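Encoded as structure tokens, the following chain is the form predicted alone, with no partner shown.
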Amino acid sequence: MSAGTAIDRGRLTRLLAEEGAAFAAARPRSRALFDAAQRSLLGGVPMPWMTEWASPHPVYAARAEGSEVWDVDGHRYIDFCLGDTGAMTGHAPATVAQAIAAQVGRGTTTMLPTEDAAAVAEELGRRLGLPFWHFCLTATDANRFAIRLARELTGRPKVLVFNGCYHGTVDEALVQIGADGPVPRPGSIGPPVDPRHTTRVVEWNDPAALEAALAAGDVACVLAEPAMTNIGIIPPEPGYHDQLRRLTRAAGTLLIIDETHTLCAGIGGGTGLYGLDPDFVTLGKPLASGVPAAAYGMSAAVAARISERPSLLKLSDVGGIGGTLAGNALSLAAMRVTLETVLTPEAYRHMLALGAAFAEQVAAVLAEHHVPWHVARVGARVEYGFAPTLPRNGGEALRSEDPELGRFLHLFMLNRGILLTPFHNMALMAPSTTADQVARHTALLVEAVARLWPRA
């Protein structure tokens, strides 16, 4: 059999069983800890997402440094998952560890500002082009707060998102296109209201659908990534962002750009890469090298509209914006040193070069072995998917998914010391990632292809 033909599903099932058995045999300590955790942790994990790895049970981490993770059974992994972007900085960068230790000694939270806050805001403004900022603890919070402000400023009830999007646990975004409008995404737990009352959803890269959805005049904001990343990497088609900005302005709708994943695109994120001019930007995850921290920035025009209504600031906490630990001294100290010493222009040059190399090497493997998949990249983030051509929207990407095949590739890589992001064949480069680590993944991909399509 040769690549390019359909995968033998029976063979794939056997390969999965072999990889599962090998994983279990090599990790008795992780298994014992997972079993013991069943007594106190629902599902045996501190967060449900941790059960979604391809392995029969999670790997228990012992330590992480740079672009590597060690588990409790002594295995060492090249980490291309990087905490699903939360550790895009690499694990435990020394300057951040020192700054965190120093700030803990001075106090972690007081509900008072520190001088780090303005320094971080000014640096984010330089990078992303928006002059005014507030801080919170997660990108989900940043998105929720920006949506609330957009609704208040416009007097409109609805949010528009794109089919297949992901913006954390924002209720309005846990939707997909249904026969009669938006419906809860499969698996959405306890949706609070019918999304037809809160949300419009259209396909990415479809200006006509966007224009039609905005025509009713009831959309407060569009919430979008610069490039879709959670249903696979789907870049904007040429001119799409110009259309998105033109149509939102014409409709009186505010534009929120979620940079949480696309900070990998460069020093200015996707906003800089595509030359965007949003009303709000939201970001989180890698901003403080893994310390919980997030931010939302706003244009001068939006800030002026908010300042005209002092109650929006004075009543914000009881009005649904803020939080006791938001903007705390520890997260701000971590953000400042991360921006100043870790996510530097030099680091981005290194990460982007490795991202390009990773994508080129994967594409070469697919071409040489006639594998009918595609590879996509946004900056330092690369993904290969199971369609022969790059999907142009979330619906197409969803139809190309192959959970069994994806599980095999992840488990195959995991057993040989590579961590990829669960749910995706996605790899992210950190400042500490090396060319040798990229080459190791390439060699294993060749081996995985040979397992899937053995030569007759």
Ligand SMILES: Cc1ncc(COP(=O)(O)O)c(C=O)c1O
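Numbers follow the displayed sequence, beginning with 1. Remember, it's a predicted structure, so these values are computed and weren't measured experimentally.
The same protein also has a form predicted together with the ligand, omitted here; what follows describes it.
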| item | value |
| --- | --- |
| Proximity of residue 225 to the ligand in the model of the complex, heavy atoms at 4.5 Å | yes |
| Partner contact for residue 355 in the model of the complex: the ligand, 4.5 angstroms, heavy atom | no |
| Residue contact check: residue 84 to the ligand in the model of the complex, 4.5 Å heavy atom | yes |
| Contact of residue 285 with the ligand in the model of the complex (heavy atom, 4.5 Å) | yes |
| Single option in 271, 338, 199, 260 placed near the ligand in the model of the complex, where near means a heavy atom within 4.5 Å | 260 |
| Among the candidates 108, 344, 188, 140, the residue which, in the model of the complex, approaches the ligand to within 4.5 Å (heavy atoms) | 140 |
| Stretch from 190 to 198, 322 to 330, 112 to 120, 160 to 168 whose residues place a heavy atom within 4.5 Å of the ligand in the model of the complex | 160 to 168 |
| Partner contacts for 429 to 443, taking the ligand in the model of the complex and a 4.5 Å heavy atom cut-off | none |
